[in-house]
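Taking the form predicted on its own, here's one chain by itself in structure tokens.
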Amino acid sequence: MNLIYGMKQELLEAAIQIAEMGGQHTLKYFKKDIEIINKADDSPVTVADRETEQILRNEISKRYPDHGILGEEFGQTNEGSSIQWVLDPIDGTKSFIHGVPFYTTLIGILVDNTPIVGIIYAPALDELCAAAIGMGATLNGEPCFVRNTEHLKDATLLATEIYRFEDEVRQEAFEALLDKTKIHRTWGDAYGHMMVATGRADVMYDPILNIWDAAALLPVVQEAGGIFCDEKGKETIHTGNGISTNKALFPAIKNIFKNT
């Protein structure tokens, strides 16, 4: 887990470059009439998702042939490697296919299963958030930070899709968040977490996250001065859900989930 600074910097710079390659490729298909295929879980996928992931994989393998890769579309390679690149070529495919620019290309790098680098790239908006643990977070190369909102009554809450809160316990917690926060919007998927990390929102709640959705988020939000955690308040990418917020609001949010 203890990477020397130079190695961490190299991985961060490589991840930025590779994310930009993949994200730029998505723009070939953005706002175009393309075929949409429903996967086994009924989530949509397009040629843009698959081509973009292949571009990401090819570039990673060319630079780091011994590293592992786990992607949403093509599974895992070099599973035994201590360094794993975790990819979501288009996070927010539903936004993408409807011409909404709030989709992102995600790259997370894990060392011994711990996230150390995260990239959230919104190519249609030309916004790239990047971070490595211990090195800070940036938006388009400039330092970025979470907002310093201290009370939920002043906070902006974001979420992805309302139907995801159908579970009774989650519905109760979500309604409590709605009741206690100032405003809410559904600028969802990774872009919502990016908005927290860049000081444009205060809370993002995602009740369902795969590892390729979450791997990039923790380094970015943490290095922006915030907290990325699961519904129990644990700072992890491995439990299938995620909340991004700042440190001042975290105790109140944790208490909501503890009491529901």
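From a predicted model like this one, the values you see are computed outputs, not experimental measurements. All residue numbers are counted from 1 along the displayed sequence.
The next section is about a form of this same protein that is not shown, the form predicted in complex with adenosine-2'-monophosphate (2AM).
(message) Partner absent here, but in the model of the complex, which of 75-83, 90-98, 125-133, 178-186 has residues with a heavy atom within 4.5 Å of adenosine-2'-monophosphate (2AM)?
(response) That would be stretch 90-98.
(message) Within 4.5 Å, heavy atoms only, which of 231, 53, 223, 213 is in contact with adenosine-2'-monophosphate (2AM) in the model of the complex?
(response) Contact residue from the list: 213.
(request) Only one of 48, 195, 69, 209 comes within 4.5 Å of adenosine-2'-monophosphate (2AM) in the model of the complex by heavy atoms, so just point that one out. (result) Residue within 4.5 Å of the partner: 209.
(message) Since only the chain is shown here, I'm wondering whether residue 149 would be in contact with adenosine-2'-monophosphate (2AM) in the model of the complex (any heavy atom pair within 4.5 Å).
(response) Contact check for residue 149: no, nothing within 4.5 Å of adenosine-2'-monophosphate (2AM) in the model of the complex.
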